[in-house]
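In the block that follows, a single chain appears as structure tokens, in the form predicted alone.
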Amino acid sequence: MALSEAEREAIREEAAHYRDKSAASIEALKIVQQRHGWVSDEHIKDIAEVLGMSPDQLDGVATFYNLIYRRPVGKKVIHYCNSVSCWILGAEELREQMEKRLRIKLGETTQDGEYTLLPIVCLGACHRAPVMMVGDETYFEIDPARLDAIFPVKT
């Protein structure tokens, strides 16, 4: 799906804030992701054209940032922190519990399209580990009971 003229205009407006248009690449990717849920190869090509970059250059930016999704994801993405602090405090066991509860493996999306489960290197809250984000909400000091409350069994 090609970018709409409104998306192109929003990207041009963002790029106008920078001497080098390519400096707006992350914001441009966010604009498209916010509207489509992810950034397709066609979107990369179109954004790169607006910013005067090659698609490969922009794809390098997109794949570097783990909050830019290069394939479809659920309505809410679950980022579970798998850094050392979270790992020591049980993040792997919590991941396994989420996989069982949601009936998906890491990198998959639930059948209803609600959740995608992805690891993230660090959420910057090691003092409150284990940590995860569900959509835009961050949860701290997760334990099995809290995880059950966040993801109640659907009847």
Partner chain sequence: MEKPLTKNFKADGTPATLEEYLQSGGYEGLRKALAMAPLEVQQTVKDTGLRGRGGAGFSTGVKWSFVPMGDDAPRTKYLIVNGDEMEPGAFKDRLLMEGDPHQLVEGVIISAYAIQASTAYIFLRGEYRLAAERLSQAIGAAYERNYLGDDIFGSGYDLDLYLHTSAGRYICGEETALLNSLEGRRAIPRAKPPYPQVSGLFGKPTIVNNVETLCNVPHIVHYGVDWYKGLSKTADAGTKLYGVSGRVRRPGAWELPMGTTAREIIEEHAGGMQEGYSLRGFLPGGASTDFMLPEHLDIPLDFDAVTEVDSRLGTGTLILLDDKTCAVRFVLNLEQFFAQESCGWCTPCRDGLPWTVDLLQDLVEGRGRLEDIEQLERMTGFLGPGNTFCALAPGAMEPLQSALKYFREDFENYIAKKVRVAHG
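Numbering follows the first chain given and starts at 1. Since the model is a prediction, treat every value here as computed from it, not as a measurement.
We do not show the form predicted in complex with its partner chain, though everything after this point is about it.
May I ask you to check whether G107 falls inside a 4.5 Å heavy atom distance of its partner chain in the predicted bound form?
No, G107 sits far enough from its partner chain in the predicted bound form that none of its heavy atoms falls within 4.5 Å.
Can you tell me whether G113 touches its partner chain? I mean in the predicted bound form, with a 4.5 angstroms heavy atom cut-off.
Because no heavy atom of G113 falls inside 4.5 Å of its partner chain in the predicted bound form, the answer is no.
With the cut-off set at 4.5 Å between non-hydrogen atoms, does I142 touch its partner chain in the predicted bound form?
Result no; I142 lies far from its partner chain in the predicted bound form.
Taking any heavy atom pair closer than or equal to 4.5 Å as contact, tell me whether H127 reaches its partner chain in the predicted bound form.
Looking in the predicted bound form, residue contacts with its partner chain include H127, since a heavy atom lies within 4.5 Å.
Heavy atom within 4.5 Å of its partner chain in the predicted bound form: which of L94, V32, V61, L118 fits that? Just give me the one.
Going through each option in turn, the one that passes is V61.
Its partner chain in the predicted bound form reached by all of R19, I68 and G135, non-hydrogen atom within 4.5 Å:
Yes: each residue has a heavy atom within 4.5 Å of the partner.
Go through 80-119 residue by residue and record those having a heavy atom within 4.5 Å of its partner chain in the predicted bound form; state none if no residue qualifies.
Result: N82, S83, V84, S85, W87, I88, L89, G90, E93.
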